[in-house]
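What follows is one chain in structure tokens, specifically the form predicted on its own.
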């Protein structure tokens, strides 16, 4: 077994045996379990709260698309912010604790160290998105009696690409910024900048900025030009990982 494979197995075991197995999965599970019932009963809750103030106004009946939109809205905002915070110390945590030095005494290059980390945790995030979407679909079907999956899976797929992009960004930031809080703050700043950029349609249609808003549109059953945002996000993710590997090679441990 190669050094990279051994290290990847160590990363998987670390996910399963530490707090990482509870935080992000707990957040995604919460949104998957609460999204469909919230979508179904929100009009009734709103009606009971405002009472006669909505006299003469008829709220549209909820549909399965409202359930999908609830899921995507939550994970694209709160879930993504949680990801940035959780992975602020992805690399710097190991360098501070001395684990990186110990691991790199084995037949494992610094570049393989970075690539293995990014690959394992990207896979982890993608699995969370798939499982969360599957639970959302099942509950939506049980509650609404109808749940065509196209809109849900397209929007969740775009979100997964966005999540992997930010995982790549946090890999780089956690190499160049020693402070976990500093790396997380920079990641949140990047999220805000990408959100602002998504307002301008040319950027939204042709860059990763589109992945901030397009998943919600897809979940609502609308069309969105997904090719270029997804392609550029994947290319940028690869570039970020390469930069992280190059920076880690020059870093004093």
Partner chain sequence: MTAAIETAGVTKVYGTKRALDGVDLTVETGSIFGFLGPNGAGKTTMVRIVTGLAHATAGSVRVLGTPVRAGDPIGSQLGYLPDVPGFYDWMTGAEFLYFAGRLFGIASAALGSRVDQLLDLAGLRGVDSKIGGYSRGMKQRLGIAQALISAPKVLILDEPTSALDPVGRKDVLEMLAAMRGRTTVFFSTHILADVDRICDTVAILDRGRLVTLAPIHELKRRYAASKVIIEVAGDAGGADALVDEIKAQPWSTAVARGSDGTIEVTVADMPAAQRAIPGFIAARGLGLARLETGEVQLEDVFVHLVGAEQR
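Because the structure is predicted, anything quoted here is derived from the model rather than measured. Residue numbers count along the first chain shown, from 1.
One more form of this protein should be noted, the form predicted together with its partner chain, which is absent from this view; the next part is about it.
Engineer: In the model of the complex, is there a heavy atom of its partner chain that lies within 4.5 Å of any heavy atom of residue 154, even though the partner is absent here?
Structural biologist: Taking the distances in the model of the complex, the answer for residue 154 is no, it never comes within 4.5 Å of its partner chain.
Engineer: Test of understanding: in the model of the complex, would residue 101 fall inside 4.5 Å of its partner chain by heavy atoms?
Structural biologist: Residue-level check for residue 101: yes, a contact with its partner chain.
Engineer: Looking in the model of the complex, any heavy atom of residue 109 within 4.5 Å of its partner chain?
Structural biologist: Answer yes; at least one heavy atom of residue 109 falls within 4.5 Å of its partner chain in the model of the complex.
Engineer: I'd like to check something about residue 105: if you look in the model of the complex, is any of its heavy atoms closer than or equal to 4.5 Å to a heavy atom of its partner chain?
Structural biologist: Taking the distances in the model of the complex, the answer for residue 105 is yes, it comes within 4.5 Å of its partner chain.
Engineer: Can you work out whether its partner chain is within 4.5 angstroms of a heavy atom in all three of 7, 10 and 18 in the model of the complex?
Structural biologist: Every listed residue reaches its partner chain in the model of the complex, so yes.
Engineer: Looking at 155 to 163, 73 to 81, 140 to 148, 89 to 97, which one sits within 4.5 Å of its partner chain in the model of the complex if you count heavy atoms only?
Structural biologist: The contacting stretch here is 89 to 97.
Engineer: For the stretch 223 to 253, return the residues whose heavy atoms include at least one within 4.5 Å of its partner chain in the model of the complex, in the order they occur.
Structural biologist: Sequence-ordered list: 249, 250, 251, 252, 253.
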